[in-house]
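To begin, one chain is listed below as structure tokens, in the form predicted on its own.
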Amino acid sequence: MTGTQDGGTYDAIVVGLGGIGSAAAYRLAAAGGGRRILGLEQFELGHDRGASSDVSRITRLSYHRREYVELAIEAQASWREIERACGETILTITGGLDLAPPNPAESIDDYAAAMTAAGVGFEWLDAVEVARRWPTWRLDPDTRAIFQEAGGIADPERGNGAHQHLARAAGASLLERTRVSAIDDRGGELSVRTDDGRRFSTGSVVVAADAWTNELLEPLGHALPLTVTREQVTWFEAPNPAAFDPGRFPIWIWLGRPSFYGLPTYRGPGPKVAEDVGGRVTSAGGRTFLTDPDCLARVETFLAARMPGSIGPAVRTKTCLYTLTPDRDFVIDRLPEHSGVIVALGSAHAYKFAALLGTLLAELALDPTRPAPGPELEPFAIDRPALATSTTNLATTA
């Protein structure tokens, strides 16, 4: 298509309709006031090319810093609100187990301190008690563990679908297979151009494009130091399937070097296990969907040592993208040079927070007087010192 067509004027436009973008589109539309809201997705809704396509992700209150614990509490409440609105179950609570061998990737004591500061209860467990409660585990005697009862599974397939359905019901227009080629800012007047030649005018743009973020930010003069990796998760067969039922087995994170995480059986084959940040550096357009045999071998070696006989052969492996900031903290902020452009990046551990992040992004987009980043978002500022570096810290934040 040649030439430029007027696509209309909107109060806010969301670019990217994965987990965070779909939540933002809903919250923008639900704000009311007769506002026109547009969401644009370059692929089909629910596609598997990015980071949000799956049926199970971890939700948890155990985190290494107090601000994440407090956000996680609010996020679970936001997800429960979405469940009530759509009539779907999105969170399945199983409890959560954090396991730390000697010389862990990050201190389990930081988890304990952060939860204590936020008023979240938890239990310290030793290796014997872990094996008593969940006999599948084989741990060295000096392994330390924390159990937190609010951990569990967040369902992206249901969560994204719920946000998209609710957004449309609230009046938002969501267009799939509509790739954004550029965001233009002419003295505060924003427009979004698409590959099919349309130009949409708006007062605010929320960029929730994950691995494609810099394609849109670089022409605006603010590319971020991001590392994109191709990761994978694998579902395994279990000789005793009942042992991994969500009512009997928790989600878990191994804070070792390398780090691993797992979820009980949910909506499909047996338990799901992955290495955290074990994949190869890639790009949004250059990634493949092939299984990485080295990554799978590391997972299988870990399971053979820590769950011997409890996990059978691999049933299915699925790839996804991690888009990582150098410190693995989020970006939730306005572009300093273009205040109508709000950037959302989850740094590969944000799905559990998506329902809440949608609200925070909507507030930034609809209220230009709202301080950004604001007290609760200060660690996620786009101009923080860590984003002036180019080295990514690959600590566990699954």
Ligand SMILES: Cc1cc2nc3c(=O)[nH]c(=O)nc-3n(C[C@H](O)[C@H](O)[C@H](O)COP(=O)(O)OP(=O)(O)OC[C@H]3O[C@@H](n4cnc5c(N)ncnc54)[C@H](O)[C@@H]3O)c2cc1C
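The model shown is predicted, which means the values in this text are computed figures rather than measured ones. Start at 1 and count along the sequence shown; that's the residue number.
Unshown form predicted together with the ligand; subsequent notes refer to it.
Only one of 350-358, 334-342, 66-74, 29-37 lies within 4.5 Å of the ligand in the predicted bound form by heavy atoms, and it is 350-358. Across the proposed site, Ala131, Arg248 and Arg306 without exception lack any heavy atom within 4.5 Å of the ligand in the predicted bound form. The partner is absent here; in the predicted bound form, the one residue of Ile146, Cys295, Ile90, Leu321 having a heavy atom within 4.5 Å of the ligand is Leu321. For the candidate set Arg179, Arg198, Arg316, Arg158, a heavy atom within 4.5 Å of the ligand in the predicted bound form is found for exactly one residue, namely Arg179. Ser62 falls outside the set of residues with a heavy atom inside 4.5 Å of the ligand in the predicted bound form. Remark: Trp212 counts among the residues lining the ligand in the predicted bound form, judged by a heavy atom distance of 4.5 Å or less. In the predicted bound form, Tyr266 stays away from the ligand, with no heavy atom inside 4.5 Å. At a distance threshold of 4.5 angstroms between non-hydrogen atoms, Tyr261 is in contact with the ligand in the predicted bound form.
Looking at 7-28, the residues that come within 4.5 Å of the ligand in the predicted bound form, counting any heavy atom, are Val15, Gly16, Leu17, Gly18, Gly19, Ile20, Gly21.
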